[in-house]
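Have a look below at one chain only, the form predicted on its own, in structure tokens format.
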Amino acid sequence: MNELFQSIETLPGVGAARAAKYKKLGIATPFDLLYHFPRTYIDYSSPIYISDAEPMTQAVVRCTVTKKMHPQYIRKGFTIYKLIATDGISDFTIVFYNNPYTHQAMQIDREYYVYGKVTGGMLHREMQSPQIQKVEQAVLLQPVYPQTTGLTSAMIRTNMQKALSYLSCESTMETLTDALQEQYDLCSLTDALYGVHMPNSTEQLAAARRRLAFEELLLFQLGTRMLRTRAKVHNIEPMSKDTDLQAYYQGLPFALTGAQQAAIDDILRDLCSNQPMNRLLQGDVGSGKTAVAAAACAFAAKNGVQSVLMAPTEILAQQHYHTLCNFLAPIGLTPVLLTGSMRAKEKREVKSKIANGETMVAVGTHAVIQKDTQFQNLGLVITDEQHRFGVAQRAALAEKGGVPHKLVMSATPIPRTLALIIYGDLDVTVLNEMPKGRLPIETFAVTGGYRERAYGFIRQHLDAGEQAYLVCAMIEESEQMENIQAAESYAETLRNGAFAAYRIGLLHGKMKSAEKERVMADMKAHNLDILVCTTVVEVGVDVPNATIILIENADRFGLAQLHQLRGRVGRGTQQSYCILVTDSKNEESRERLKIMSRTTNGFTIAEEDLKLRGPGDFFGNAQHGIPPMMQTALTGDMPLVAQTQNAAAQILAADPFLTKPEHNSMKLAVYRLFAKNGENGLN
């Protein structure tokens, strides 16, 4: 067992150079390697005839080599090697480039499985640089792993076999009790790890994945529930229930909705408790979360307590700073802004104001969690777009105030089932009412054939003094995705064509922060008529005069992301429009866009998105620390989710902090999972 937790460098066949590459994948030990799960599998168990393969797609073919061609020396350092093979029905050519070894190793009249991209026409097919397996030695379900430069899937498979051989003693690895395994019909952990890395059948693979998904869902929920219980152990000084917020309400330029007032009531009740608040404020785009957060800041300030609002990007931090200044100025509060791009002198001045208590409200990016940012009396921590933060960042921010109240804001509507898991340590408040005067955004899904008509529609609104966003899926041209409108070339085309008479700006994620800020400011000041942008415009831009958003290649985006983008318009009192352009013939893609046209309810859209695409759209890749096997489970196996919720509740009801001997391994696994994701609140 000790071998599993030594450096990956000690694993036979790895060494220092390969260990450095594994480090890039977050793999430091053979144990970590065992939890580096395949992203997919090549299924050699159902080969097809070469004539049935779609051109330019990957296929598995069982064939016999019939002839070897002489090498073709194209130029110095470049040689083509070809073989002729038959699948029993058709002949085809196998091509290798600068690979004499495989060419020599393949034998005439020997049977092989070949897997690769099929090219050519109906009369003659080719397969270029395929993966090869001898039929009698074939692994029929071959795992394909997430890789990095210089570390191939084949290398990982070889190293994985050795790591699996360390699993000699099942009982020392097992995290789930025998009773749990029996109750939920789960295989052992050792069988599961063998089954996911070296499956002999689809049935064995399914059983392995179910066991691993169950375990990670269970551990995640045990951890979040333990965090929630532990947070309630702390007793803190409650704020005064008699604190009057009438001046704040009267200073707002609008009347609060019923949902906003109810959310504020929830938060104030928490602030006046002797236990720290842990609350999620979940609201659709434009539902008014910032006004609720500002009320919490005002209440805390009147109680002599500092607040900090942390946003994931400088753009969003700037937006919140300006909004909070407007909301809090009437009651004499002046927030400060702290971001990474500020000059050193500015930063020192702001940090001094925070440290000596001269300011009661701070807004910033990750700069507010740096070690040299000290608060005099931090009692309220607000994080926005929670899923964009690493867990470690949230923990570091929370630690600055000892045991502060925590409010998490998210504009991403999350299905209730998913929210219960991801935010299992938080109480949830939902803003389900839009401010008065907001008109629903009219949404149209059209093909590229309607683009010119859409441009004409946009010009009409620009001529009326309104503004528009045109969103692209990519920043630069790409050979692999050449049909996708790239933002830079798209903006140039528009400047020279359909919108030559209008002022066009460009915004994308590769621009420097100062550049982005300048473009955003120009859009807000109406120095631009059109902003061509990538998804960086999802959050942070609040331009009430922008009434149209056209999204190119809309089928490339998830529904949740499309909904977020749509929320960039409809911020004022004018009717706003969203035009989704796609040339996809895929029926599922078209159905997804119809959903967008039918409803503007973010929670309905979120439920559909979870069914269609899984949780990746809500949290992005490798964000929030959701384990990959758990992501697979969340894609649609709701019965498994329900089972793990029940199991977690039963386990903690009998053993709230997993202190019983039979839960030792489980407790260690929970700590290991949360430590890996940077969460130290369990210690």
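Predicted, not measured: the structure shown is a model, and the values here were computed from it. The first residue of the shown sequence is 1; numbering continues from there. Definition used throughout: the rigid core is the maximal C-alpha set that superposes within 1.5 Å between two forms.
Only in words, not in the display: the form predicted together with adenosine-5'-diphosphate (ADP), which the text now covers.
Spell out, yes or no, whether the shortest heavy atom distance between D609 and adenosine-5'-diphosphate (ADP) in the predicted complex is within 4.5 Å.
D609 lies outside the contact set for adenosine-5'-diphosphate (ADP).
With heavy atoms only and a cut-off of 4.5 Å, decide whether H405 touches adenosine-5'-diphosphate (ADP) in the predicted complex.
Contact with adenosine-5'-diphosphate (ADP), no.
So in the predicted complex, is adenosine-5'-diphosphate (ADP) close enough to Q564 to count as touching (4.5 Å, heavy atoms)?
It does not: once adenosine-5'-diphosphate (ADP) is placed as it appears in the predicted complex, Q564 has no heavy atom within 4.5 Å of it.
Would you check, heavy atoms only and a 4.5 Å threshold, whether G288 touches adenosine-5'-diphosphate (ADP) in the predicted complex?
Output for G288 is yes: heavy atoms within 4.5 Å of adenosine-5'-diphosphate (ADP).
Listed range touching adenosine-5'-diphosphate (ADP), judged in the predicted complex by heavy atoms within 4.5 Å, from 251-259, 549-557, 190-198, 216-224:
Selected stretch: 251-259.
Tell me, out of P71, P435, P440, G448, which residue has a non-hydrogen atom within 4.5 angstroms of adenosine-5'-diphosphate (ADP) in the predicted complex.
Answer to the contact question: P435.
Option touching adenosine-5'-diphosphate (ADP), based on a heavy atom within 4.5 Å in the predicted complex, out of Y81, F327, Y577, Y145:
Result of the distance check: F327.
When you overlay the rigid core, is the Cα of L252 off by 2 Å or more between this form and the one not shown?
Yes; that C-alpha moves by at least 2 Å between this form and the one not shown.
Classify R157 as shifted (yes) or not shifted (no) between this form and the one not shown, where shifted means its C-alpha moves by 2 Å or more with the rigid core superposed.
No: R157 shifts by under 2 Å between this form and the one not shown.
Would F327 count as moving between this form and the one not shown, using a Cα shift of 2 angstroms or more after superposing the core as the test?
The answer is yes; the displacement is at least 2 Å.
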